[in-house]
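So this first bit is one chain, no partners, the form predicted alone, shown in structure tokens.
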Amino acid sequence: MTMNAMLNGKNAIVTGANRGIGLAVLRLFAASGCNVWACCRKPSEAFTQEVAQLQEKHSVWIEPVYFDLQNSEEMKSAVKLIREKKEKVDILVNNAGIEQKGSLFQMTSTEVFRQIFEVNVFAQIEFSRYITNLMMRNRSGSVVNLISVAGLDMTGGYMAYSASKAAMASVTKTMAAELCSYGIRVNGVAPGIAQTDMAMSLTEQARENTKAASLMQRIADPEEIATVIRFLASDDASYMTGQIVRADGGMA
């Protein structure tokens, strides 16, 4: 199998597919022969054009699905649209999430903690529950959760975000244990800093500190993270589950 055909004929759901790592995943999956339900919060002309170009270039179907992760009713409607396609769901990439503006934990309100956990943890679990129920019917599937090195290492100034990602690392391992008997693999990718809107919202000093902490001394391209996600999603990783794979330029 060629690298470009790693996901040929598979059907994937990708959240946060309109920018950053999610957009890189959408492009790479399409190039690898994968059909995609491309989930994001709001439609835009640029994203509509992107989807049309990818479909034409790679001869796959891409179905935009719009919903807010903080709105359970919108999420249920989105899942209904996915079911109505009557196509097998092979892959789920939980990529969407929100960041935290840097602040010490004494200065971070409980409201901020709740909002970040609502999107980065609770919504991920709810959406995964719906989609893995579909996978269980076919007794196969692959789930890839986006974690972060911030959830694995100590990161001062971003406790709410780091804690939410640490929670998702634990969720990933527990999902893997519970779903393995249904033929569903669950893994996580923990990127270091990448060229995304989220990373660019950090202070310049925070970005420089992160770069300095890695052996490669640079920021990742989103495509470099997407290739790791593609591997875990593919049958090439058929003996991997419950793993958190670091893609951090050597920060460990």
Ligand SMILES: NC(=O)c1ccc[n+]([C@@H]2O[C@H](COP(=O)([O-])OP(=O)(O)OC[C@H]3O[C@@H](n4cnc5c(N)ncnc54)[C@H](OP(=O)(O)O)[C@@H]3O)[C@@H](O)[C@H]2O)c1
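Numbers for residues come from their place in the sequence shown, where the first is 1. Since the model is a prediction, treat every value here as computed from it, not as a measurement.
One more form of this protein, predicted together with the named molecule, exists but is not displayed; see below.
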Hey, in the model of the complex, is L69 touching the named molecule, heavy atoms inside 4.5 Å? yes
Check F127 for me: does it contact the named molecule in the model of the complex (non-hydrogen atoms, 4.5 angstroms)? no
For I98, is any heavy atom within 4.5 Å of the named molecule in the model of the complex, or not? yes
So in the model of the complex, does K57 come within 4.5 Å of the named molecule, heavy atom to heavy atom? no
At 4.5 Å between heavy atoms, only one of the stretches 89-97, 174-182, 128-136, 76-84 reaches the named molecule in the model of the complex; which one is it? 89-97
Tell me, out of N35, S214, T196, S32, which residue has a non-hydrogen atom within 4.5 angstroms of the named molecule in the model of the complex. T196
What residues in 159-176 sit within 4.5 Å of the named molecule in the model of the complex, counting heavy atoms only? Y161, K165
